[in-house]
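This document opens with one chain alone, in structure tokens, the form predicted on its own.
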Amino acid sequence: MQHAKVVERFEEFLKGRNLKLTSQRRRLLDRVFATHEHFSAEQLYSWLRGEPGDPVSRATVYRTLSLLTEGGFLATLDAGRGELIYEHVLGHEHHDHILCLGCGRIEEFHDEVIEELQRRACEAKGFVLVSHDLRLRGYCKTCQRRQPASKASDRTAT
């Protein structure tokens, strides 16, 4: 989706809540949609502090991230790091995540077979699927090599 459309939709979303697109919110929106990385609120705050532009407070970062999530511009991901991770989803295809429990690495994937199995499971139980998210947790190749051999049996799927 073109960035101008994202800005327009966010401005409409804010108006519906009697809020304005301030220069700080605009700067934050621009930065969020300029990255294709998963990021935390603190990471975003750090990026903004290190770049030229109107100052943005930590509170504004958290409040604006909440608005962007509420409006469907961002999605959150609990990667087990003790903080939420964000990614922009507006205009992006659905995907799922594989999370490394060792280093925190996040890999995105899409598998139509899994999607179909989830649709069938809902149908079999009489549900209409509206949305879902799938997060697989494990250890990437690098972290597997770092783990002692005795720990390998502790990593079996549950």
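From 1 onward, residues are counted along the sequence shown. Since the structure is predicted, the reported quantities are computational estimates derived from the model, not experimental observations.
Form predicted together with the DNA: not shown, discussed below.
Only one of the listed residues (I106, L101, V89, A41) places a non-hydrogen atom within 4.5 angstroms of the DNA in the predicted bound form, and that residue is A41. When you look in the predicted bound form, the only residue of A59, I114, L129, A34 with a non-hydrogen atom within 4.5 Å of the DNA is A59. Highlighted residues L74, H95 and R135: none comes within 4.5 Å of the DNA in the predicted bound form, counting any heavy atom. Taking the partner from the other structure, the DNA in the predicted bound form has a heavy atom within 4.5 Å of a heavy atom of T22. Contacts with the DNA in the predicted bound form, taken as any heavy atom within 4.5 Å, map within 67-94 to G82, E83, L84.
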